[in-house]
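Presented as structure tokens, the chain that follows is alone, the form predicted alone.
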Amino acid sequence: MRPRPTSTEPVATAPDVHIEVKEPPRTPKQIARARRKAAAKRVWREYRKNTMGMAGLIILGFFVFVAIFAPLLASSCGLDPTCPSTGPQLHAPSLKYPLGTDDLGRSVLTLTIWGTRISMIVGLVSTAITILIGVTIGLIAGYYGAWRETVLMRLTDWFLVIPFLPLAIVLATLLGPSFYTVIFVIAITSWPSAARVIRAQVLSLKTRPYVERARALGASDWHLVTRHILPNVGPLIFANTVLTVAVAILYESTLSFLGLGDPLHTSWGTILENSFGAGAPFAGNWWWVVPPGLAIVLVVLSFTMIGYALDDILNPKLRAR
């Protein structure tokens, strides 16, 4: 039997193809991270469909841009209220001064731009402190109950009963007008509503079956609060935070308008205070009053629109309705 002839030509082999298969998350942290990303994408997808929310986001984005790039958009004269005059006094709007000038010859546009930064900083910082106090008290009162809930809720009721404006005036008068005083006064008088809302939600969540199962398996209070209760309260906290920023900016403008703000910082409230003190509304100098007032209205409106849109998206009951 003849042997088969062997070929000396090289045999072509298929190239090695490496297909990278993305492994699904396996650890609890990876699973939780993937769920948070999916939830955030879902919220953003629903948010883009909300016309009111997108309009508020565009308005807010404009003011955030102005606050960040204030040094590039206006001279530093608006940062210092004692800056010397740069133009004629009470000059009507013109090409050189688009929003006119005040009684010291300063550009109202420059003052309004710098006032955006101060008002936004006060609103955001005071809101952060407000939410921190409110969430802490609401979580402790709602989760532990008993005497802790009684003491904390009676303290909350005490702050709710006292009118905001008289208490804010007394605190600002005792502490003296300053930038930090305004933040402290707004924060210390705005947290009760957040605390009551968070407490009500925690009372509902701590009786859910998954919380009871985790407690039966030996989970600690810290684990239950941080892993089960706080993540489910998160959407409510976020929506409440956005609405609180609007209230904080309005409070800052009110305190500054009453002369309780920091005289060394220019905000929308201080511009209105100076204009009314000089009799601008009665003298027909509308350009000194309208820009800061319109800015306050638009910013508060934008935060309110965003807050209601988020509440509509994150609250299943409202969405079903």
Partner chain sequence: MSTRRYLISKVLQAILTLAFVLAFNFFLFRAVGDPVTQLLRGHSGISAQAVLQLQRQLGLDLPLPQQFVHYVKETFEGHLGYSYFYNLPVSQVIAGRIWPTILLIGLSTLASTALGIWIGIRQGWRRGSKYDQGMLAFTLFTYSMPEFWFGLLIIMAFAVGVGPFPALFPTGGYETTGAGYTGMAHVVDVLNHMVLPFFVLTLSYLGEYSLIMRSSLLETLGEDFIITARAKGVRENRVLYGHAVPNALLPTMTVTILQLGFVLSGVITIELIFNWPGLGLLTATSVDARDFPVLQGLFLLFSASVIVANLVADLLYSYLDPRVRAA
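Positions refer to the first chain, counted from 1. Predicted model, so just to flag it, every value in this text is computed and none were measured.
Below, we turn to the form predicted in complex with its partner chain, even though it does not appear here.
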Any chance Leu224 has a heavy atom within 4.5 Å of its partner chain in the predicted bound form? no
Wondering, does Leu205 line up within 4.5 Å of its partner chain in the predicted bound form on heavy atoms? no
Should Ala309 be counted as a contact of its partner chain in the predicted bound form, where contact means heavy atoms within 4.5 Å? no
So in the predicted bound form, does any heavy atom of Tyr251 sit within 4.5 Å of its partner chain? yes
Its partner chain in the predicted bound form: contacted by all of Pro166, Ile169 and Pro281, heavy atom 4.5 Å: yes
Just to confirm the contact call: exactly one of 111-119, 155-163, 93-101, 138-146 touches its partner chain in the predicted bound form at a 4.5 Å heavy atom cutoff, so which is it? 155-163
Sort through Thr173, Ser220, Thr150, Gln89 and report the residue having a heavy atom within 4.5 Å of its partner chain in the predicted bound form. Thr173
Considering non-hydrogen atoms and a 4.5 Å limit, which listed residue (Ala39, Met54, Val64, Val289) is close to its partner chain in the predicted bound form? Val289
